[in-house]
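Alright, here's a single protein chain in two forms, structure 1 and structure 2, each given by itself as structure tokens.
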Structure 1
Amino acid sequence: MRLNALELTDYRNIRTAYFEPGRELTVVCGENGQGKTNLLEAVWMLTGSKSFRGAKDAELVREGAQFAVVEGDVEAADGESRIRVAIASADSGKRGRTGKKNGVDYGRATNLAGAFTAVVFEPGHLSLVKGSPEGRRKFIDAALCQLYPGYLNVLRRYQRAMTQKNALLKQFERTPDARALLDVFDASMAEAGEEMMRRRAAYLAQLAPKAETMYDEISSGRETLHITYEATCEAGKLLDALHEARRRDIAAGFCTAGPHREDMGMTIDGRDAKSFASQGQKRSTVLSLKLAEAAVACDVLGEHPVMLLDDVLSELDEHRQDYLLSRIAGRQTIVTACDPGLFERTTGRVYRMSSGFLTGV
């Protein structure tokens, strides 16, 4: 997978920009707040996903503009294509992101999933170890949405049924036939949820050994990382688990069981990483996870995804920097950095971003 060129119009603080990354390493440097991450985020939008910074769609449109447009020429094993993502402002009268591929209207940008694949690593991902289970679930689900476009529809079906069930639980005593309705929502959640659990388990079965091996290499064999899938129940037993949780759900006023409560367990030398990992161990774990994510994508898709690294080298010591740079060698990687001197040991194309203006160096 490769990005050959990117054109931006009215994206965040970038009025217009043309970006032509190198075939391997490309560095975008500049001071904080100039638009480096905005450019990297725009590349990510070609995947059809939401902002990796959690921004609302309307926040991606430059102030005063009606739409932001991201267009990319991408190259994959099956040929070249042009992807276009348009994002509407809050006052445009339209909503959200829409996508086109080679001029064909795909409707929602999420329908572009699979046309362009990338793996992003940004400082916020360091919370994957000690942050909430929600962040780890999102990490798994985001990867699955790129690898298996149908997974997004499964995820949406589950979330829609859960939303309806939660609304019912909040007014359970005032709703006629409430228990019969709960049966309907539980059946819908179980159908979609079993597929979610199957996909998550299979994905972690691929990811875990790769991440564990990479951690072993980073730590020079001094420490051992172990990753597990903490499922809500055994496969095929989700409907039973939802029924068993009914009394608890009614008392709480929301769903207390299901894939939305799952987690990814991590231990280092047998100790819970969430509770005991040091800053260095945390950085090594997340670096291993992101590199393993890219490796699994390569196994599934038959080609390596584009790597997007947002100012992460400043978070890593020299040993981890060297390891990361060795693992991305020969693959297209776009990196942002305040200090381009971090890349003196490498060769690559360099751009500078200043006040939303992109220039070659």
Structure 2
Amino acid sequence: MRLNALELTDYRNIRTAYFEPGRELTVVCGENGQGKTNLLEAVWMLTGSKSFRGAKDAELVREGAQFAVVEGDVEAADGESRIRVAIASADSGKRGRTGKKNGVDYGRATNLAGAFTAVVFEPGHLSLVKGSPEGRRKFIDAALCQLYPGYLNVLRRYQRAMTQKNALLKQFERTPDARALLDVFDASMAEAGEEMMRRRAAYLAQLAPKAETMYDEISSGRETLHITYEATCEAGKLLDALHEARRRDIAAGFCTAGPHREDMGMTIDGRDAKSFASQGQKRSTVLSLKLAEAAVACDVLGEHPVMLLDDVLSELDEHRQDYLLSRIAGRQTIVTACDPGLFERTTGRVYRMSSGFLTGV
């Protein structure tokens, strides 16, 4: 997958910009608050998804403007296309994001899914290591949703059964036939839950060795990352596990067992990364996971997504930076950084962002 050119109008602090990233590495440098992340976010909008910073659509429109427009020339294995995403401001009278591909109206931008694929790293993703298990489950589930469109349905079926079961557990003593109802909800949770566990296990079996190898290379073999799937129970045993948890569930008033409580374990040299890893080690871990996510997507979809790396180099020592900038060969990668000196060592194309003005260097 490749982005050949990008045109922006009224996107965040960027009034208008023309961006032509190189075939491999492109660096966008500039001081704090100039619009580097805004540019990366604009590229991401071509995927049809919402902002990776969790911003509302209207916040993406330049203050005082009615619409933001992001237009990209994209090259995929099956040919070239022009993708256009328009984002309405709060007072435009229109709503949200709409998409066009080759001039054809796609309605909501999410319908563009698959036309342009990208993997993004941004500093907020450090919560993948630092934060709660929920963030790690979301990472796995989001990747699975992109790779297997049917997975979203499985998630929804599980969620629906769990919501019903939780409602029942809250008024268990007052509900007639509560136990029979629990059996029904447990059966639905087990059916969808087994499928979730099967997919998650298969995904981690693909992801973990790739991420571990990346980490080994980033740290020049000095440290070992190990990733495990911390499943709620063995495959095929979810219904039993739900039954075993029943007494605890009733006492707690909610479902205490199931794939909604799973986690992805990460250790560096045998120590839990969440509690023991340094800042640079956490960053290296997330980066390894993101590079591995892209590599798995490439295996499944037959095409490597564009890598968008926001502020990825800070906190990495020179060796780790060099590794990162050298392993980019063959895949399009767009990196932002404050320190332009970092990139004197690279052959990448360099842009400078200053107060929303983008210029080639």
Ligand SMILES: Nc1ncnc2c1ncn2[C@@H]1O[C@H](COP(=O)(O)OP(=O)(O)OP(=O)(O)O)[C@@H](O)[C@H]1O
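Sequence positions of structure 1, starting at 1, serve as the residue numbers. Small disclaimer: the values here were computed from a predicted structure and weren't measured.
(Q) Between the two structures, is it 1 or 2 that corresponds to the form predicted alone? (A) It is the first structure that is the form predicted alone.
(Q) Based on a two-rigid-part description between the two structures, is it true that residue 27 and residue 157 share a part? (A) They occupy separate rigid parts, so that residue 27 and residue 157 shift as distinct bodies between the two structures.
Q.
Please report the angle, in degrees, through which the smaller rigid segment swings against the bigger one between the two structures.
A. About the hinge, the smaller body moves through 19 degrees.
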